[in-house]
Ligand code: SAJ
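The chain below stands alone and is given as structure tokens, in the form predicted on its own.
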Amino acid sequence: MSERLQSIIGKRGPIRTVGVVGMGYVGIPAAALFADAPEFDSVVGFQRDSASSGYKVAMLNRGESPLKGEEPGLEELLRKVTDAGKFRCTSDFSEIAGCDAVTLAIQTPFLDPKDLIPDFSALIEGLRNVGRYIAEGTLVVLESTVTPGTTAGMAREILEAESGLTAGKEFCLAHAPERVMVGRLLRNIREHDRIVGGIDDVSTARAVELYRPVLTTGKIISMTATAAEVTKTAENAFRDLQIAAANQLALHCEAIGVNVYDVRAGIDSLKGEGITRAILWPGAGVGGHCLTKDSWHLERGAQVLGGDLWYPHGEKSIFGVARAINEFMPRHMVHLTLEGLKRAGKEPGGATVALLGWAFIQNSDDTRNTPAEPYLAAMEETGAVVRIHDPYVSEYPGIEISQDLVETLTGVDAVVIFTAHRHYFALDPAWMKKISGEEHPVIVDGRNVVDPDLFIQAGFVYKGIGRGDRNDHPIR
């Protein structure tokens, strides 16, 4: 424990002003909850004034959320804390100088997972902006998911170089990874246990002080910064692995000719002491910012910090195999679409396909790493014309997206469901067949959204992920 750092914090007093760098799916709800906590006097959100995201500053200062999916309570909470004068947003990073604690929630993607080199450019810029203005006793927390070793390594080096201060002696440094899911951001921050890891005991204790006021049912789990980094990357790698197992099972069930959802229910029914199944759901692919990259952060951390990785009998990492399976699922959706068109007597060249759902997750506008994108590219290569509908997404670079379902479905040869938006559960097969104008339109269900029997009875050619019991049905 650094007595000097402890002394500096003692003179500085409790955390009263909090800065949050990065106004996205993590930073916005975190800032709103910090601002709502009576322990803190004010919260400042920091957002670059860039062409793509600078608009968020004005919106947030009006109490409006830039996140257009369904996020229960978020807009109301933002309005409450802005009206109370406890939260505001700025692009002026010099105001970090007045903050007792600063968190960073900045994306950390891989440009090419094959080389295991992450794109830390945005995070590095954020760290430099923070480092220029922190003072003695400031707490800096990385919430971004990073390669194990980053907080005590690269982040520490940048902050020290920019500030002229020493981490662990003159300022606190910690990692407290976000654990949120789009569509339940506020609930997740309040209710999930919070992993908090400092580079030393003083930093850990100061970070615990920051996060405890925003938790309701969640508790604090303290550890080292590097252990916290491993925890976050590993929990997402495990989730990706579980989804891959469900997807592999779905492919087996298709080949065998049974319903994967019946099999899943059977597996999940075995309960008892010492029995853990945790079987997830198969689907058209895995998207989002986290699961598509965090396995690679874990793999890279093991290589950088641990030297050569050893696997039995020269096999690949199971997490890498899981990634390959989940990345395969959009290609399998292409296969199901082509098979469905073939059964309907259609060639893909010149066929019109309605792709329903561009967001990677239901009832959200989050399009990061959407699995619909590789599907679109592959279908266009076959010569098909693809129309895209999403009730929450209106813009995407280089892609035309409609929010008019009737317009999207009129005159199509096939309908492909990529996202389980609530709007798609009410699709009526008779109406859809009528506006398609086809005797046997195709429907491909990648999320188990529709009742296959209703569509088959209406004359559709049905194909579904894991539906070996229905994919070769007689055509009505």
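From 1 onward, residues are counted along the sequence shown. Owing to the predicted nature of the structure, the values given are computational and were not obtained by experimental measurement.
Keep in mind that the form predicted together with this ligand is missing from the display, and what follows is about it.
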Assert contact_stretch over 217-225, 280-288, 168-176, 252-260 against this ligand in the predicted bound form, heavy atom within 4.5 Å, equals 280-288
Checking a candidate spot here: are 232, 239 and 361 all in contact with this ligand in the predicted bound form (at least one heavy atom each within 4.5 Å)?
yes
Identify, from the list 405, 158, 181, 401, the residue with a heavy atom within 4.5 Å of this ligand in the predicted bound form.
181
Check each of 195, 379, 127, 243 and return the one that places a heavy atom within 4.5 angstroms of this ligand in the predicted bound form.
243
Interface membership of residue 447, this ligand in the predicted bound form, 4.5 Å heavy atom rule
yes
